[in-house]
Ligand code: URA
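Only one chain is shown below, in structure tokens, and it's the form predicted alone.
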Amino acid sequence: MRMYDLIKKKRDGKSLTAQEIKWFIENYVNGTIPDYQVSALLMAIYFNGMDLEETTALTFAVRDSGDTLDFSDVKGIRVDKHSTGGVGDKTSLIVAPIVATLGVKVAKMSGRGLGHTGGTVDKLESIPGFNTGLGVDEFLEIVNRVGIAIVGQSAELAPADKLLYALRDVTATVESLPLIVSSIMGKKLAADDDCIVLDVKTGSGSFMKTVEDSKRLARLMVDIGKQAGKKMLALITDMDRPLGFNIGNILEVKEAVETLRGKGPSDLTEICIALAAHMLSLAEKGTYEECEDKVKKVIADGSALKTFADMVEAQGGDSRVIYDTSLFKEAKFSRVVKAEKSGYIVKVDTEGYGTAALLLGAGRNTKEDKIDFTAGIILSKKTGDFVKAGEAIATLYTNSGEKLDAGERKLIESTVIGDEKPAYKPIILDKVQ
């Protein structure tokens, strides 16, 4: 078998066999296929696509390219939730403790943020002392004892994805449905979970810009997950506006805590209740409606917040900041951003808001960049709200005062104010199962 023949076959619009795809992935990971040939194949896939059989084979090959996790020592049903990424998306910090409180185990591996999207691991590491680098035995012990543990992605898990993504990033082949699916599901299927709920974002702050594209992505991921023997469901949710009011690591942890106290923003609360109820329902804890009631109960009685604090303590973090968020570090500098004219916020460029937070120090452009955990944005107004000229639309936070100007410029240019109030748009747009 030659890589040249696979490139030519896909260039000519033909389908690759599962055997050919497996051979390609195995030999690329072991270093016998050079980057320039893989780049050529990625471009051929970008232009000609892959059918379901090819996409499934690629996903399974990525899954099998390194270690796979064995969670058989975890007592009970294991469920995971994955978001395709957005701005202000702190749902894992809320949903996972809720589900664990109700008797379903969450052994979760999460990623760091890159670019305008935040990462769950970064948010957790903004909690003093929190350790996301647990060994496997300690990780599983905490899952069994507390019901939940969240750690960083293992370097040995799906190494093909890391190699492929680095190439996709520099060859303009990121926006390819089969490559996106194999990246997300290759990693997810390497973990030993029974049920997976996907939160597929759509809109200006997400990877998929239209509902139709998001549904196609969700359909593929759900179908491939089912072929791997998992119970699957996906929600299509709106990312034409940031989720909640807080953007940035410590700020998002604070908002997650408020949501677990039953005092969170309505959009964030709605999505978290839906995601948690679907996770519980897939895990056979009752009908969706029954599970929704259970979710609301553990928020109302404070038990879900306690589970979050217990996880923080078990992973070496200071749980006092969960019960009293005023103990978190605060940024040295802040600035109120004011509306330049009166009117309704017609729309926002959510990616632009994420970039504004990035410019303040809340994210990273490269994996080596150091994050300012205190940096970020708290919104005062959101899409559909009326604002007067000179009224606050947001407050910026950073430990580096010279970053305020760039953050303010980006936020203002990402906010459209007009005379007509925009039509209402639901936060949950569709469901795929």
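From 1 onward, residues are counted along the sequence shown. Only a predicted model underlies this, so the values are computations on that prediction, with no experimental measurement involved.
Absent from the display: the form predicted together with the ligand. The rest refers to it.
Of the listed positions (190, 179, 124, 140), a single one reaches within 4.5 angstroms of the ligand by any non-hydrogen atom in the predicted bound form, namely 179. Scanning 105, 168, 108, 231 against the ligand in the predicted bound form with a 4.5 Å heavy atom cut-off leaves one residue, 168.
Put simply, residue 184 is close to the ligand in the predicted bound form: some heavy atom of it is within 4.5 Å.
In the predicted bound form, no heavy atom of residue 92 sits within 4.5 Å of the ligand. Contact check for residue 269: every heavy atom lies farther than 4.5 Å from the ligand in the predicted bound form. The ligand is not drawn, but in the predicted bound form it has no heavy atom within 4.5 Å of residue 355. Contact annotation: the ligand lies within 4.5 Å of heavy atoms from the stretch 160-168 in the predicted bound form, the single such stretch among 279-287, 256-264, 160-168, 313-321. Heavy atoms closer than or equal to 4.5 Å to the ligand in the predicted bound form belong, across 206-229, to one residue only: 207.
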